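One chain comes next, on its own, written as structure tokens: the form predicted on its own.
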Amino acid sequence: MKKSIGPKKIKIAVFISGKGSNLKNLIKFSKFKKYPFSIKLIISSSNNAIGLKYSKKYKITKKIINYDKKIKTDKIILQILNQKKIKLICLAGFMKILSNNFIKRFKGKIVNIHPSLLPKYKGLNTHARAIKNKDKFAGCTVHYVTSKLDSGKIILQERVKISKKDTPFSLAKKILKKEHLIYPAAIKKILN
């Protein structure tokens, strides 16, 4: 009798612009049997993104996309996503805004990790804003991407306590540890 290999993994693409620490973490989790996804594509808005090194290390297809011409860009990305049979897009430190048309085409199939407790502090400089406002807690949120910036339905959130000594840098480090826990958990939650 043949042994079953377990459930088939859903093919996902990760979009990055920088270091790719969430990408590296998702790759690690994708290797575990109980996580129902496999990373088949890395898309970057910059050829200088440090995270691109993981495409070579883990033999994942990478594409560097120029975001100057949105309509042309959308067509190119959609073509690649279809070729690779991608079912879910995970934004991980992706510093470009996707077009409304693109979001509509992948409605309910694009998720993002944001370094604040949404709906608080949409956009950039979230840690500095939380400290400046003397918040007791900061954190991170995994949410669906909609045409409104950082406004989609929340999938998972995790809080961290802000200490009096915290700087935006130290707070970012604490939150990144939580991001590495909740992003794979959120993907698992929506795919199961």
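This is a predicted model, so every value here is computed, not measured. We number the residues from 1 along the sequence you see.
There is also a form predicted in complex with a small molecule; it is not shown, and the following applies to it.
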Quiz prompt | in the predicted bound form, Gly20 touching the small molecule (heavy atom, 4.5 Å) | solution = yes
Practice problem: Report whether the minimum heavy atom distance between Leu181 and the small molecule in the predicted bound form is within 4.5 Å. | Solution: no
Quiz item: Should Phe94 be classed as touching the small molecule in the predicted bound form when contacts are defined as heavy atoms within 4.5 Å?
Solution: yes
Quiz item: With a 4.5 Å heavy atom cut-off, would you call Ile113 a contact of the small molecule in the predicted bound form?
Solution: yes
